[in-house]
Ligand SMILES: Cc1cc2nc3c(=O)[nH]c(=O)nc-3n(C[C@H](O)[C@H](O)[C@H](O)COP(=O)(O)OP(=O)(O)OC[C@H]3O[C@@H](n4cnc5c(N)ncnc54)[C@H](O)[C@@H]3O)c2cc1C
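The data below hold one chain only, encoded as structure tokens and taken in the form predicted alone.
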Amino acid sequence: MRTAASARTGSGMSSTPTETKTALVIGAGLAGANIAERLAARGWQIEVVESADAPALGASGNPAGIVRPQLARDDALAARFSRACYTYLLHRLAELPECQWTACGVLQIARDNDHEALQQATVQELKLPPDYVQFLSRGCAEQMVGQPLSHGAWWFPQGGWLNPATLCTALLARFQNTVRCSFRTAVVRLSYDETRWTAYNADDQPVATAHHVVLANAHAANNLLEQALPLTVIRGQINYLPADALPPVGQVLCRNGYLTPAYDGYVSFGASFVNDDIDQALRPVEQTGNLQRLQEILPKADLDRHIFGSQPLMGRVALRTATPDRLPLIGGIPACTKKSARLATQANLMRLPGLYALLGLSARGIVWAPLAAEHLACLMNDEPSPLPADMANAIDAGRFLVKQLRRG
């Protein structure tokens, strides 16, 4: 990709005339589907290009993803960002009846006695509404689940699980007149001619052109950039069991891992986290780890025949992408520059014209992607963001380069 000589400053917010409201979105997972829908809602013409055969076959392809926020006793920025994203997601799901999801509630079981005390203190001190989170004693949690548990838990009554593929499909179908999808199309190169971006396939044939490009293709985004973004690949394996292999559970249960209620006759549980590993083959050692996490969630369930049996379980491996500070990369992609390095800020950082990131969603894409996409669409359409300045800066795609430039 050629770095444009006309790279500009700022976070990616600029005046966007109607005739230039065309965008190429690379990736049709949670990130790509959400930003395509948010831009289309503003009247943009969108081309979504995806290398797979259908939406949500990569990191967004697990059959059941968890809908719950993150909490912290000090209510630091990451927790407040998670709360904003969770609230926004619940609002969006109400508008998308085609999405398969169940608000069955999520129970986050404490890891040990100290964690249980921290959970209780967090709820008491933050004074969040009870329809957002409650603390349940072990006895109350066991009564709800109908099974023995190890400790008390946070209870998120509005949370649950959803099928990510149905969410992506619903989003991409919402504005069919302005969103066009091309599947089985891998982009291997981008070029810029001072007015438009062009995407090329492996035969170096152009597959799409647009005034703007959003990289929503996880770790593969760095294959299209001269200066790599700080993204780490995290391998995650989940496994499935027939629903009748476990005691029936009506809520999502989380601890060090998670367990979902039955979907299409199976429950999902996991997941492993392995850094810098792109192999997507199922591994017995990670299956054993997932079963051990499952045993911690349901300590009295009889899992020995699954843990020590020779028959491998069904499962799936996804490659998540995370950043060093575990927050996403959203906004204009920075240009390679050393000019005025010590004076660099996120406001004056040089950006590649019309090139944006919606990356680094880690294992929280279901909750993060909708509000992250709304924020990015506001930047691209020259609108005020719904995020306060500190959150917008914390997820800005240029924040790591600014730190690097200042260090010299």
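The shown structure was predicted, so the numbers you read here are calculated from the model rather than taken from an experiment. All residue numbers are counted from 1 along the displayed sequence.
Just so it is clear, the following notes concern the form predicted in complex with the ligand, a form of the same protein that is not shown.
J.: Which listed residue (V274, A318, L291, L90) meets the criterion of a heavy atom within 4.5 Å of the ligand in the predicted complex?
T.: Exactly one residue meets the criterion: A318.
J.: Exactly one residue in A216, V213, I330, L167 has a non-hydrogen atom within 4.5 Å of the ligand in the predicted complex; which is it?
T.: After the contact test, the surviving option is A216.
J.: Please run the contact check for G354 against the ligand in the predicted complex: heavy atoms, 4.5 angstroms, yes or no?
T.: Contact check for G354: no, nothing within 4.5 Å of the ligand in the predicted complex.
J.: Using 4.5 Å between non-hydrogen atoms, is T185 touching the ligand in the predicted complex?
T.: T185: contacts the ligand in the predicted complex.
J.: My question is simply whether G29 lines the interface with the ligand in the predicted complex - judged by any non-hydrogen atom within 4.5 Å.
T.: Contact check for G29: yes, within 4.5 Å of the ligand in the predicted complex.
J.: Is L349 one of the residues lying within 4.5 Å of the ligand in the predicted complex, judged by heavy atom distances?
T.: No, no contact at 4.5 Å.
J.: Let me test this: is every residue among L118, V123 and L253 within 4.5 Å of the ligand in the predicted complex, going by heavy atom positions?
T.: Negative, none of the three is within 4.5 Å.
J.: The ligand isn't shown here, but in the predicted complex, which of 279-287, 103-111, 90-98, 232-240 has heavy atoms within 4.5 Å of it?
T.: The contacting stretch is 232-240.
J.: Just give me the residues of 344-373, first to last, that have a heavy atom within 4.5 Å of the ligand in the predicted complex.
T.: Heavy-atom contacts to the ligand in the predicted complex: L361, S362, A363, R364, G365, I366, V367.
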